[in-house]
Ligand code: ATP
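The data below hold one chain only, encoded as structure tokens and taken in the form predicted alone.
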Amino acid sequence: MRLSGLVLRHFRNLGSQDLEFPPEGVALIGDNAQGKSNFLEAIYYLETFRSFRGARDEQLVGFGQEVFRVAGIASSSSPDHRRVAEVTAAFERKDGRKKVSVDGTEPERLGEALGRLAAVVFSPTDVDLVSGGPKERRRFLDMVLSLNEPGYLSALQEYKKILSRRNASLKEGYSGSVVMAWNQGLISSGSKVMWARKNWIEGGTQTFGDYYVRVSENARARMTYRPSVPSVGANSVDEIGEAIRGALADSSDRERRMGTTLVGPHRDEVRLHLERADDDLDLRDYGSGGQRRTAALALRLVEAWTIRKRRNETPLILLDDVFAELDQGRSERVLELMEEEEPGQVVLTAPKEADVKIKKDKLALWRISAGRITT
């Protein structure tokens, strides 16, 4: 996708600005704490309608303001279905209401408007995907699959709704028959979620390993799916459903004692391993800082690969000063890899012009100071 225009109204410290983007992209130059990351956050908000930095919507409203609004015009890069879409998102602090529209029309469900920019954001905080707990990696999985796998988001939302009600029944100490009344819905939605996760991880682990070795040059890594349900090497949604059913039966006594559901997608894990001849090492526990950052980059590159494969789109690449955290060798290899991948439009941030490395002769240089962008 290519972003041709962006309207900003009181998003963080960015004030009121209307910007036009050149086809190759932009390098935004500025000192720290001037709003560079806020700028990328505003763009990516139009992809997912949430902050990639984990901020709540009310925290995104400019100081002293009541409403923020962001609007972008994006055009498809696919030769099969060229199209132009205007995506708008606004949030009002007073009533906590979020309003989203595509081409002037509000969708019935927010999920229908997701993924219009086909954007991938690379950030120094991505290392948390490797260093953090299972919840971080599940969140990453859910976002990638919600944007790229039809039906995943609705299955995930249904699963979370039923899980909440089942957990409430367990916590309140209701009888086994009341708790079991939620089982079929949990199994039906949970099996779809786990099937999609299993297929994506198994289908992408080779690509993840290839990206990792290209950047590291001296090691190889892989990702594996570690579901909470035993024997989920199943070959269909139905087989996974039967595995969940059996696991729920086996854990019913423990669930009543602990007051919570112990098996299902909410307990899944994605493991990232550094491959060795004698044994694999978990990157979270044993990886160096450089190895963890390399694995995080590889995950984002697989996300971009997924967009190209599933949506037939060239992703919009957003780079938030990511090379500052890499040594020179890794930086050079990442740059070579990204250039080979034909990244399409790139929007990046950097503290100075010398830090602009990818597409450095092609990107327009913009500057930012106290949230104000000059083109």
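Quick caveat: nothing in here was measured; it's all calculated off a predicted structure. So that there is no doubt, residue numbering starts at 1 and follows the sequence shown.
What follows is about the form predicted in complex with the named molecule, which we do not show.
Put simply, of 347, 60, 334, 307 only one has a heavy atom within 4.5 Å of the named molecule in the predicted complex, and it is 60.
Proximity to the named molecule in the predicted complex holds for none of 69, 88 and 98, with the criterion being a heavy atom within 4.5 Å. The named molecule is not drawn, but in the predicted complex it has a heavy atom within 4.5 Å of residue 34.
In the predicted complex, the named molecule sits within 4.5 Å of a heavy atom belonging to residue 53. Although the partner is absent here, residue 314 is not a contact residue: none of its heavy atoms lies within 4.5 angstroms of the named molecule in the predicted complex. The named molecule in the predicted complex is not approached by residue 17, whose heavy atoms all lie more than 4.5 angstroms from it.
Partner contacts here mean any heavy atom within 4.5 Å of the named molecule in the predicted complex, and among 323-331, 25-33, 43-51, 339-347 they occur only in 25-33. The partner is not shown here, but in the predicted complex the stretch 7-29 reaches within 4.5 angstroms of the named molecule through a heavy atom at 12, 13.
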